[in-house]
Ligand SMILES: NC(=O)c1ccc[n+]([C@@H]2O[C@H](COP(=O)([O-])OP(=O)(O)OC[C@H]3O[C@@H](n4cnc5c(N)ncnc54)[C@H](O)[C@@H]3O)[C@@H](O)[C@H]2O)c1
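Here's a solo chain for you in structure tokens, the form predicted on its own.
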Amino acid sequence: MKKLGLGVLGLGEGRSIISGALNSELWNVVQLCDLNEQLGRERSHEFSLNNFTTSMDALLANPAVDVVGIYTPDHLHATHVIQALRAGKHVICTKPFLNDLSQARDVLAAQKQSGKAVMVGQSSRFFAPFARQRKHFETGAFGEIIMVEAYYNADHRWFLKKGWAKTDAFKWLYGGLSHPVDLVRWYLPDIAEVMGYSSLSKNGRDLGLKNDDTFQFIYKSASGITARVSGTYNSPVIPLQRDSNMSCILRCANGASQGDYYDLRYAWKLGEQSCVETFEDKDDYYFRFGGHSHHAGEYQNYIEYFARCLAAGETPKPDVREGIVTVALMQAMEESCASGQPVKVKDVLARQGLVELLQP
């Protein structure tokens, strides 16, 4: 299988994909790109690389770059995805795929015209407990889903040291809550309506955050199944011995399961049988640097999945269509918080002429 050449755009958040690709037999790291020349020198030194540029045009013109990994600030994703596709490159874009739907049709058109693959880097799907939970569910042993719960709570006050994180463009609803939102959509892709509330915490206000950082939502799928999503991002968290901080819970007709993030744990119960599985021996694989604030192992898993999909002629998921509907769901969540009323995902998509994306 031919190795893919990777170009990484955005080196603040792109650190994990660089590590993932360097440790993979399926990838070559060809070039790094960032407007910050000092950061480029630091990353080049950290990973013993010597091909850095401050020019995105130069990165896109490099014939050795097969795939562009986009890890720039959220509000730039749409523009950068379109540019990469028009240059004939495959794209992996970190979450959130887009920070609104204003350029969604342009992204769709660019992908269709290019014929290149686009995958949203929803890394949590590729983390051991959640991947195990999904495979276990797909055996059919748990039966039909009754309810899904997912949450992500983190003390991310450190993240606000990034200048762009204090601008109106940055929203924790898209940048952080997209993890549990995606986990729910993995099991309930037909979320039809959402109702929720949000607030800006004292810590967030004191640090100069512009948008809300605390969230509680209830979903209803087209088939009538309900789900719950919650998260907060600038307050202390409960010790890991008591709570994982990020979790996905499936309550099904025949049993229940829970995937826990930071403590690498998966618990399940079927009839009289119950079990707690741990993946603690993989801690060094998933969390290679920066404590648990960086999770390069997931990135390696999803870029290797991407490479295998390309080799097999398959579409890697979440793809561009799924990614846009997830953004529409998050926009519906935002609108519900503002109005205090339920919002239908279909209505959000209809305003952009994108209702066809709800079709299988």
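It should be emphasised that the depicted structure is a prediction, and the values quoted were computed from it without experimental measurement. Throughout, we count residues from 1 along the sequence that is shown.
Although it is not shown, the form predicted together with this ligand is what the next lines describe.
- Heavy atoms within 4.5 Å of this ligand in the predicted bound form are found in exactly one of 212 to 220, 104 to 112, 76 to 84, 230 to 238, that being 76 to 84.
- Of the heavy atoms in N51, none are within 4.5 Å of this ligand in the predicted bound form.
- Using a 4.5 Å cutoff between non-hydrogen atoms, H90 does not count as a contact of this ligand in the predicted bound form.
- With a 4.5 Å cutoff on heavy atoms, N28 does not count as touching this ligand in the predicted bound form; it lies far away.
- This ligand in the predicted bound form comes within 4.5 Å of no heavy atom belonging to P129.
- The partner is absent here, but in the predicted bound form a heavy atom of Y71, alone among Y286, F142, Y71, Y151, sits within 4.5 Å of this ligand.
- Taking a 4.5 Å heavy atom cutoff to this ligand in the predicted bound form, the contact residue among L35, A64, A311, A58 is L35.
- Every residue of the trio T94, S123 and H179 has some heavy atom no more than 4.5 Å from this ligand in the predicted bound form.
- Along 134 to 165, a non-hydrogen atom within 4.5 Å of this ligand in the predicted bound form is carried by F159, K162, W164, in order along the sequence.
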